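Have a look below at one chain only, the form predicted on its own, in structure tokens format.
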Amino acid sequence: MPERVAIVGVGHSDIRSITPGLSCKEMMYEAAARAYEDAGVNPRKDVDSFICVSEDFWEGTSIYDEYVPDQLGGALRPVHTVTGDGIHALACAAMLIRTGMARVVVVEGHSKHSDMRTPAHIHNFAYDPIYHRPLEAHPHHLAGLEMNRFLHVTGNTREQCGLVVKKNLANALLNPRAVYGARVSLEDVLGAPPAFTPLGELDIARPADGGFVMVVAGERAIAGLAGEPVWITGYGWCTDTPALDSRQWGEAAYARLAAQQAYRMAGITDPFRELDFAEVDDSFSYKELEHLEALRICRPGEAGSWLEEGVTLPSGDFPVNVSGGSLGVGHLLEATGLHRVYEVVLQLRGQAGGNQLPDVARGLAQSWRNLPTTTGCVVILERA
């Protein structure tokens, strides 16, 4: 029987809106040093493999994993890249261990968004090169179309999406890693300058720079490590069609299918009752509601009313994005999923500080790889 797998060390670099004095390598080193200290590992002696999540288009260079080993302590060691979100890499690490290929694996993800002058042009490379890319539309127009369809199909409202922004920015005020925490009213959100109707400027997660490193180990290797283990009990991922004209509008099918895999692996049949809290993707305000419904934490059309009733507040029956999410912390490109996981790990360890939830034992982290993809991941984490 494959052995159990846990996250035994976590570390991050300082998250900021702009980092002109730091290189990607310096951010990785800072995050790695903290993770190795947390886990009590020596990367040159104790780690069998290293995984980075990066997209060559974001990095501005090809075969980016060649620029990763030195600052992680992985020179002349097995290193590979997952061109996807951070939770993809976490699942790869778990599978390396469960198949007996490795005992301890390090996962790294980062964002240096402030180095990019035209990120929208990079997004457009993911569109169909014949039918959609020549339109040269800003990629956020797709989010406006998706939001319109989601609200129409489910009955959730524009005002309820505004409450997502209000909640997450307020939660971020208690998170020392958050860049964009603020107290705003619903009127502030709805009255913000329009972006891509019905999205306003405050409905869109703003970019941030930062990096995360996690040390993942099998059960047999944990005895010799110092870090407090948080068990990975389920994971799943899904990529739906990238085409705009054949995708399923109004529902995050990728999140639903990824969650089915993770729930089956973790033995979960009723997510609302069997999970204590969740960190889900909120790159756009409507996405938090759409993802909650796709994850079967609530029924279709219920997410907005749940928010109005306080169910997803830190004091509610099912807290969501207590960290502030991407709206409050900032969007971290490929590292966004690792940020979700990092916040869940801190909660389960009782180390979340001012936004710590009481008596939590099992949490969910979910990610989406952003526009125009239909790619998502889900991971279930439990404390020892």
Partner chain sequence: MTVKIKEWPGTALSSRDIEEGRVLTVRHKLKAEYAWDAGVAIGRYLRELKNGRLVARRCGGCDRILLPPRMFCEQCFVPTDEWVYVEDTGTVNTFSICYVRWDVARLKEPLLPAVINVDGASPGMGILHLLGEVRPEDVHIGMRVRAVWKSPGEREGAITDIKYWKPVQGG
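Residue numbers count along the first chain shown, from 1. Everything quoted here is computed from the prediction, not taken from an experiment.
In what follows, reference is made to the form predicted in complex with its partner chain, a form of this protein that is not presented.
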(message) Taking any heavy atom pair closer than or equal to 4.5 Å as contact, tell me whether Asn370 reaches its partner chain in the predicted bound form.
(response) no
(message) Please determine whether Ala223 contacts its partner chain in the predicted bound form, using a 4.5 Å cut-off between heavy atoms.
(response) no
(request) Verify the contact flag for Ala32: yes if a non-hydrogen atom of it lies within 4.5 Å of a non-hydrogen atom of its partner chain in the predicted bound form, no if not. (result) yes
(message) I'd like to know if Thr99 sits close to its partner chain in the predicted bound form, meaning any non-hydrogen atom pair within 4.5 angstroms.
(response) no
(request) Mind telling me which stretch in 340-348, 355-363, 323-331, 41-49 gets its heavy atoms within 4.5 Å of its partner chain in the predicted bound form? (result) 41-49
(request) Please pick, from Arg264, Arg206, His121, His152, the one residue with any non-hydrogen atom lying within 4.5 angstroms of its partner chain in the predicted bound form. (result) His121
(request) State the residue from Lys112, Lys166, Arg103, Arg158 whose non-hydrogen atoms include one within 4.5 Å of its partner chain in the predicted bound form. (result) Lys112
(message) in the predicted bound form, does each of Glu26, Glu59 and Gly73 have a heavy atom within 4.5 Å of its partner chain?
(response) yes
